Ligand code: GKR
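Single chain ahead, written as structure tokens, the form predicted on its own.
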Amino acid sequence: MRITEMHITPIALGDPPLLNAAGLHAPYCLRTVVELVADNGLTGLAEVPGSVAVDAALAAARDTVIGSDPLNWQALRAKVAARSSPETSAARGDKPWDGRTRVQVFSALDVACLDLQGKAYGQPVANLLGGIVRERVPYSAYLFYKYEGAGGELGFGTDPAATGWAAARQRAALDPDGVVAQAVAMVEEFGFESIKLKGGCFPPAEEVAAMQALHRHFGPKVPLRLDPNALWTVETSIAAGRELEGVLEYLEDPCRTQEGMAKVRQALKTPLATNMCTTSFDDLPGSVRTGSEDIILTDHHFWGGLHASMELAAHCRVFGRGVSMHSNNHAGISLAAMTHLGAAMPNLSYALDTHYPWQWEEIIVGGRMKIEGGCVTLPKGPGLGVELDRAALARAQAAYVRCGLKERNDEIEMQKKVPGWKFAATRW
């Protein structure tokens, strides 16, 4: 089997005005769909975060990919690595999302090759990763402080006829009461059994109050997580963390650097998780040396694919780390890939993150994947178990052209609400 074609399609999907440490989500989130066509007529799919830099890096790899054997992933990876520049951990950047491109190229090619392999052999991707440990993969509710509005074609408007989660997705949530109302609607709609709040938006006392309000409402049986995206100092992290002891399942990236996280970890009883201070295999020796976190949140888009994430899980098992998954905005191809990874990872310790409830458009046949009882059931069929809806893909590509966005920049969007607002790597 040989790869004969590689298609790269940038798309835009509607996104509400969600707050985070770097500002405000634009009305659209960008994704890039990659298709690898083999000489037997099969097509392998992948999806990565979109930007002109990622698209250019994928295009630069095309001549290496064409003619390669999708069954021999390691050989293809080595060829692509030889043709591209190494990336250090510093290339990740200070923002909540990862700025590296090479790992996203690796991820797209790895996932698409696995999809091709699964289709060729009639096997789900999870089996190719070592076997299915669980058919139902747990996900966590992902809450955001947000302004009113729905984003996308709807702009920042709302639908007065909307009810339930559709209404909650449009309502403003800027205080503890709004956060609790959002959580109630999301849990009722999707059955989530754990809850995460994206912090780093307001002074720590306000976010501590929101977590305490969630704890009062849902009780101790519902695990809670808070992610300030490293905007706190070590001292603030310790002070706020102590207020939340007994409330949180874990505290994610309260501050920057492995050394800073280690100081917080030594001062708190609450476990610490990261997808910002330990984000590559080069970071793992420092993680072990400093004891900077208890849980590493993999993201196959930024660790270099599903195979690489399974390698990370093995490291976590050896060194006593918990493992779960980080999320950014995504459509169904990425959700399917995450679910196959969660199904195959034997030491998955915590429910996965997902932004999926915040989106309402889809590019796969059959429409949106179901989240029931807080879980996504492993898709049926070979490979990832999903196929592209060509009409939906064309609409999403047209939205990309129409919206004019070329990369994510939450600072610019935030300045429309708060003139002069600037991102700061450490704020409190």
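Here the structure is a predicted model, which is why all the values come from computation and not from measurement. Just count from 1 along the sequence shown to find any residue number.
Same protein, other form: the form predicted together with the named molecule, not shown, and the subject of what follows.
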Proximity to the named molecule in the predicted bound form, single hit among 292, 194, 117, 328 (heavy atom within 4.5 Å): 328
Answer option from 190, 73, 356, 144, heavy atom within 4.5 Å of the named molecule in the predicted bound form: 144
Contact label in the predicted bound form: residue 256 to the named molecule, heavy atom within 4.5 Å: no
Residue 279: touches the named molecule in the predicted bound form, heavy atom cutoff 4.5 angstroms: no
Contact of residue 275 with the named molecule in the predicted bound form (heavy atom, 4.5 Å): yes
Interface membership of residue 350, the named molecule in the predicted bound form, 4.5 Å heavy atom rule: no
Proximity to the named molecule in the predicted bound form (heavy atom, within 4.5 Å), stretch among 262 to 270, 313 to 321, 224 to 232, 203 to 211: 224 to 232
Non-hydrogen atom within 4.5 Å of the named molecule in the predicted bound form for each of 20, 97 and 408: yes
